[in-house]
Each structure stands twice: as structure tokens, then as C-alpha cells.
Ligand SMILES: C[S@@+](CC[C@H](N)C(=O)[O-])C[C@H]1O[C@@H](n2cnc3c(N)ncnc32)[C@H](O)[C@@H]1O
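Single chain ahead, by itself, as C-alpha cells, in the form predicted on its own.
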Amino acid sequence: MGTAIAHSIEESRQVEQTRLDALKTAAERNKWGQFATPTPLALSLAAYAHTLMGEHPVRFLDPSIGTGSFFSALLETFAEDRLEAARGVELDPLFARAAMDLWAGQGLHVDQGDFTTQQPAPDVRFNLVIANPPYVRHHHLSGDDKERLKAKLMQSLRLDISGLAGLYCYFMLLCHDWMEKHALAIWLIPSEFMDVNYGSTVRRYLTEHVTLLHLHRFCPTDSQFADALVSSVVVAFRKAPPPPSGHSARFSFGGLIESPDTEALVPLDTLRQSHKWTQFPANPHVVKTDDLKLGDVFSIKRGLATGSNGFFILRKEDALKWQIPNQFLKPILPGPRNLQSDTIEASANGLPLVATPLFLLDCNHSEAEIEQKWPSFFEYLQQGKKQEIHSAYLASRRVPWYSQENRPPAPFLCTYMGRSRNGKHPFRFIWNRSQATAHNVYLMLYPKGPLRDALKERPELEAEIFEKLQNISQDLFISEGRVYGGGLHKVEPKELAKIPAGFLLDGLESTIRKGQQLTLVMA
């Protein structure tokens, strides 16, 4: 096929892609996991495949073909006579029909259907896979689908996988049987598998079942998909058992895959022992230490999950309107955006001095007693039941449904999600000097052990501890946490707990013995 014809069809494909995308709302496309591959990125990956394929004839497979962006890039990159076979699978009938119409006569065979339900033909295998599989989160998969996929994966690779895995994980793993020996695979997938627990199955596959060649992680502030809140990674491997020893995979970060900002070779044994792959290539600003960790001196818990903040968190005037007794109202902090300062001062009665005081509804009395003693409060609860708040997941598991889990006030809080913008750090610590609890936009840090005892004896040390917390390098957060598209950073309690904390005790005459009980002697 001539270059002019290829360009003409590609222009038509982009127009059709835009038209089909517009037929669904962003929420609908999110549920389908439909995030189109930008043309420059498709061309980049096809060119990268060309450098790895040598002069072999190409038998191409894309299990989530869409309108055919990778096939188009393949035609642009590879000589026409090298394409022996090409097949695409597409679940959405509109996209499947578009790919059929666009590429009729160019050698692409398109099957409309669910790739995960199909079986490869016994006599046909492919030696090149380039794919951007559907990014469908696990909560959009039914229980039956998860059981079917898990059973199929166990039969194929003898690999078990968490029910929290997204659909893209199954696509990559189930494609294994469609590939011939030594076939090349290049997958464009979310980078979250590199760190999260459910990604351990994919990491095991990449280090035990195939020969991992290269992982290139795009800078999270340069999201590859404008409408997907996800950072992306390119994973390249060959279908061949990894070498018995001495193999290293190339890890790169930032820029283009062919010219990354930084890169390093990481031994396979190191990858097998690591639970977080986003630390590679090494960040020179991250300090590795075997010292004390934050989890050694703080119990770190997520803030309260009410199940419906709009109902359970009230302003004072709303509580007065419904005549809710003070005994059922606990002060609770507003979200970080509504805090004017990182230090929350308190009134004489312990209430936080914030612009809009908020209160958490928490009551253990029965509805019958409430109806008898506080009829207006009872009517408020009935309003919640009309909204079916009582039958939502969290509330339905509480007895009574309008009671809350126990989260006493914590002296230190940390925002668990944020962006790096205009010089601002994604994470911030809060010094909570009030008796207010916090909801689940915060992580709550409760001092424990010797640090707790020392603060009881000398409360004034809180100011020094807070100052040291504020000086934690953001690189440490980022190295332990995870990152999504658009530079959205997130850190979970277990991840925050791994950040080195020896600096907290500097100047406080601490003695630390690794593997022994911590002894802290305050000056």
C-alpha cells in the first residue's frame, strides 16, 4: 500500500475515532475502558517494534483494536511485503465495524467480540503484539466475570490473581497463548501494576514466564490520554523463559521511549525481590536508609469513611435546624482546601478554629428511642433513609447505620492525595491542636511507643515534631507512594509508614537499635 493511501486512511481513521468517541459520555467510555491511543504514540511504539523485530516477517495481533491506530502505525513503519498476517479483536461493535471498513483490503482481519472469551486457533500464532488494552477497573467487572477470568488464567499460566485487578491485566496475561515462541509484545498499560499488591501477578509473569526487555514509564504530568486519570508505561518482552542468570531489564522514565530522560539496567533478581518497580531507574534525590520508619513511631490510619459526607457531616446551623443533640455531634475538620493554615488552633472547649465549623453525626441510640426523645432528629434520619443512605455499603454494615467507626483526634494529619502544581507540593502535614477528628481525605498519625510517652511528658515537643514532618522530602513520598495521570500523587497508610523517620529524633538524643525494642531518651 502506498504512503499516500496510508496517510489518507489514517486521516479518515482519526475523524472516525473522534466521531465514535463523541457518541459516549466520558463516564461511559471510562466504564468501557475506551481511551484512544494518540497517533504520535502509536507511531513511536511501532517504530520501536521495528527496531526489535529485525527483518522477520510480521504476524500482528491487537486484542483491543479499536479503530486500528496500531495497525495504521504498523503500515507506516514496516515495509508492505513484511506483513504476513494481521488480526484485531474488538468488543464494541461500532468500533469493530469502523476498523473493518477502514482497513478492508489492507490485510487486517477484525473479529467483533470479547477477546477474553476467545481461544487461539491451534495452528495460528502471532509474533508481534502491540496493544493498548481496555482500562476497565475491577469494580466494573461482575463477580461472574472475575471468576471466569481467574479460572481461565489459572488454566493457561497457573497464575492466581487478585479480584482487584483491572481488565488490562487479564488481557496481557491471556494473550500469552496467542503468541508464538520468541514473539515480541509491546503493551501500553497503566503504571499502577508496578506498585500495587494486585499487580504482583503481572510482575511475577514478567520475571518468571517471559523475558522482560524494557519498561518505559511516561512522566505522570504528561498523561498520554487526556481523558484518563492514569499514568502509562510501555512494557516490552519476548515470549521466552528468562535467562537462568545475569539478565537485566531496561527501565526508563520520562520523554519518549526512544530518547528517555533517564534509564538504567535492573537485574531480574532485584525485580523479583522488589514490591515497587516505580523506584527504577533510581531517583538520585531519594535517600535509602535502614533507620527508623514513620510506622515505627506512629500508628497511621485513614480518616473516617462515613459513606455519605453530605449527610453525616453537618454545619452547626443544620444541626440546630434538626435539633440534633450536642452529644451526638463530634467536631470534624473540613477538607484540606478549606484550611487557611497547616496549624489548626483550638478554642477553649477544643473546637477547631476554622472558617466553617463542621460536626460529625455519631449516635448509638435506637431509632425508637430517638423518635420518642428527639422527634426532629428522628425526622432527619428518615430523610436519610429516603435517600437510601442507610442501605449503602458502609452504613448498612454499621449498627445502627448512623453510628461511626472510632477515630479519635490525631495530633498530626497528612493529606493522602495531591498534585504538584505551581511549585506546590502534593502532600502536606497538618498539626491538629484541636479535638476534631478527620474524614478520609486525611491520613491520621497517632504517636506510639516512646514518642507517645515523651509527648505526654513534654507536649511542647509537638511543635518540633511537626516542623520535622513538614521538612520530609517530597521525593520520599513519591518513591513510596503511587502516581496517576496529570501528576496526581497518592500515598496509602502502609506506604507512608515506610518513610524513614530517624530525622524526627535528631536533636532529641535518640538511640535506635534495629531489630530491638526502640529506646528513646529525651533531653
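Start at 1 with the first residue shown and count on from there. This structure is a prediction, so every number in the text was calculated from the model and none was measured.
Although it is not shown, the form predicted together with the named molecule is what the next lines describe.
Partner contact region in the predicted bound form: 130 to 138, out of 319 to 327, 443 to 451, 130 to 138, 385 to 393, criterion any non-hydrogen atom within 4.5 Å of the named molecule.
Proximity to the named molecule in the predicted bound form, taken as a non-hydrogen atom within 4.5 angstroms, holds for one residue of 350, 120, 113, 241, which is 113.
Checked against the named molecule in the predicted bound form, the candidates 53, 476, 43, 36 yield a single residue with a heavy atom inside 4.5 Å, and that residue is 36. Looking at residue 304, you'd find every heavy atom of it more than 4.5 angstroms from the named molecule in the predicted bound form. Residue contact with the named molecule in the predicted bound form: residue 339 places no heavy atom within 4.5 Å of it.
Proximity of residue 466 to the named molecule in the predicted bound form falls outside the 4.5 Å heavy atom cutoff.
Interface residue remark: residue 430 is not counted as part of the site for the named molecule in the predicted bound form, having no heavy atom within 4.5 Å. Taken together, 69, 90 and 171 are fully in contact with the named molecule in the predicted bound form: each brings a heavy atom within 4.5 Å.
For the stretch 46 to 78, the set of residues having any non-hydrogen atom within 4.5 angstroms of the named molecule in the predicted bound form comprises 62, 63, 64, 65, 66, 69, 70, in sequence order.
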